[in-house]
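Coming up are structure 1 and structure 2: the same protein chain in two forms, each one given alone as structure tokens.
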Structure 1
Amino acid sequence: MQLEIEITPDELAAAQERAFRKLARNVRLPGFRPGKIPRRVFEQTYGTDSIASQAMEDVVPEVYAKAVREHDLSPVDRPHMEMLPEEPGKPSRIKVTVEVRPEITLGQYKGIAVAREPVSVTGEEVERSLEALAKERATLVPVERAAQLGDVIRVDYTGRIDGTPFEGGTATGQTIELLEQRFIPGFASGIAGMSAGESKDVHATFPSEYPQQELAGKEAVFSVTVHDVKQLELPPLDDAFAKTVSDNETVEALRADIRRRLEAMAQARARRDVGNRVMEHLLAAHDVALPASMVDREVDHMLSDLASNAARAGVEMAAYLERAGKTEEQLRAEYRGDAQSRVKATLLIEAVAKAENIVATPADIAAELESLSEQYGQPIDRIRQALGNNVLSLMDGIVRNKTLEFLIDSAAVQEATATPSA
């Protein structure tokens, strides 16, 4: 977007007067206190150039801001400005090039047909959660039999590759839960069948994508001695159990409760799915000229997110790049597509919010602050203080969420034939 802005003589004169006062404060001339020097004397002594350039520096952002208001622009980046050559007898003009939020002609966004997976919670899922609950309360009972998968055993083992012990492959008196997926393939199943006091060599192979490269794909032999075998004894799933793990009186009530919770989770997931599909549809249906600066900024964001995630995992960005075998430029290019659809989604959501007059009401903000305060365990005032100017982005987030909810609510959801939840 390009604009030509005129600086009116009045604006210029006012700006020059202000510029002069500003400059005069730093001028020391015999006979005058700093800042008290008359303009004419100043100009005679120092010339008018310094006033003119200072005035321009001050007035340009002002007229720019005014032009932005007048034309109702929403710039997304800092403007690039250029003085146009002066023509005698005409007001000064500046050419401004700035990227603005693109005009979006919204197509259909209400009643978008989306399919929705039927929400169903099977009895099996309920039993599985129940079992997980029971497992938390399980007791270990020593048994006089060979170890089975699922038992908890105490073992010594020494792992060797080609006859040499390797790091991390040896332990004494370690208690392990004998589950195949916990260990490298072959280890747990090799131990199963051993009784307390028995010793045996177990063959196991490191998977080829094992994190420690020197071990990946290698076959190892573990000399294992089992000390004792214990069985996980689950508590009986009765009313007493229901009372200990929950507020429910009977195990049936607990089942129903679990089912309700699972259903609520599934509902929420289905709702999110609907939202994602609506957004996918909107993204595909709209063609938006994306401002390059917004996309660039989004890529920057994604990269810095990545860097901070890596840092949290204790990896320097440079090391991460090296491991992935990519340069930052390659990564940027890869992120570009995602960044574009994110920016587009943001713009579309904003457009819908504007079209539907969705705003963050004071009540919304209060609710958001309250939930933040709960989340961080800090009084609301502290949260408000910590947010400072970020309240604006908080409001953006609220508007975004409300708009998404609106889109979901107004979508024409077609339930795929619902199977009766067992």
Structure 2
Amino acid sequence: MQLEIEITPDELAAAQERAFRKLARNVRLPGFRPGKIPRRVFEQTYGTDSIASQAMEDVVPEVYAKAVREHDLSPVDRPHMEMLPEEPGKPSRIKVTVEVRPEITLGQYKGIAVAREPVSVTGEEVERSLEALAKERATLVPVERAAQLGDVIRVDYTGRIDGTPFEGGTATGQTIELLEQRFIPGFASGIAGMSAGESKDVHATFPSEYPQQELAGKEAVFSVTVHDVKQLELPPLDDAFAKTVSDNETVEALRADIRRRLEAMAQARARRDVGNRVMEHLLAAHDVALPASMVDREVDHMLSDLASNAARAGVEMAAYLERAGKTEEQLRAEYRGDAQSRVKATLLIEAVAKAENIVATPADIAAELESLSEQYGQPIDRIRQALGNNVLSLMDGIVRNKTLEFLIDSAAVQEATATPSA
């Protein structure tokens, strides 16, 4: 958007007077106390250019902010400003070019029909969770037999592709739980059947969608040596176990408690799924002119997240790009579509929040600070201090979440009949 903003003579005069006073504070002239130099004397000594320059620096942001308020604009980027040529008898003018949030005419956003999958928890899921609790308190017992899936073993291995070792494919004295789902296909099952002291080559194939592109879809040969084999010995699932791992007195009460927690988690997942489907509907039903600067910033955030994730894995961004065989510009092009969807979703949620007057109340902010305090184990005052200027982002997040909850609550959810829990 482009604006031409006039600077009235009164605005310019007031700005020049403020500029003079600001400049005069730092000037020393014989016979005058600091800050008490008359303007006429100042101008005779230093000229008027410095006053005019300082005045323009002060007045331009003021008249720009005033124009933004008068036109009810919502800029999304820093403005580009330029002074227009002076015309005799006319006030000074500045030309402002700035991207603003687009005006959105909302279509239907309440009562959107979405389907929700049945929510159920099976007895098998309850037992798996119970066994996971038991596994956390299991003991490792050495066994004099060949390794089986589910055992814990200590191994050395060196992986090669076409005879050449690859990064991350070597370990010495590593303790691993022999589960097929934790490794690339063929690795765990290839080791199963080996005994302590035995060595052999194990063939395994990286999935085609493996994150490291240079390994994806390739077959590797691992030279494996097993040092020892242990099995997990689980505690009995009885009332004593229930008292150890929970506040329940019996294992049956523990099972019921696990079922309730699993059902709550399933309900939360189903609710999130409804929210996703509502947003998909909104995105498909609205055309929005997306500000390029917002899309560019979102791409920057996505790349920053990628770099952070790579760093946590011990990989620098340059090395990641080299492994992926891509340039940063290629990644930016790939991310642009998702970035556009995210920006569009943000703008639509903001429009709904404005239409429904959804705001972050003092109680909302206090509750969020309390939650952060509990999460990080820090006093609320320290959390507030750490947030600093990011409190505005905190408030934006609160409004976003409240708006999503509003959209979910107002959706026309078509419930399917759930299968009775086993």
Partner chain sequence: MDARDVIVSPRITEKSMANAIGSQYTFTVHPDATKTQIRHAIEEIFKVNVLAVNTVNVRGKSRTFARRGVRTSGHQSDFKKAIVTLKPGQKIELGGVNYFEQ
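The shown structure was predicted, so the numbers you read here are calculated from the model rather than taken from an experiment. Rigid core (definition): largest C-alpha set, two forms, superposition within 1.5 Å. One-based numbering along structure 1's sequence throughout.
Novice: Quick one: identify the form predicted on its own, either 1 or 2.
Specialist: Answer is structure 2, the other one does not fit.
Novice: Does Leu133 show a Cα shift reaching 2 Å between the two structures after rigid-core superposition?
Specialist: Yes; that C-alpha moves by at least 2 Å between the two structures.
Novice: Under a superposition restricted to the rigid core, does Val391 display a Cα displacement of 2 angstroms or more between the two structures?
Specialist: Not so; Val391 is displaced by less than 2 Å.
Novice: Fitting the rigid core first, would the Cα of Gly47 be found 2 Å or more away between the two structures?
Specialist: Indeed, Gly47 is displaced by 2 Å or more.
Novice: Using a rigid core fit, what is the CA shift at Leu215 between the two structures, in angstrom?
Specialist: Taking the core as reference, the C-alpha of Leu215 is shifted 10.1 Å.
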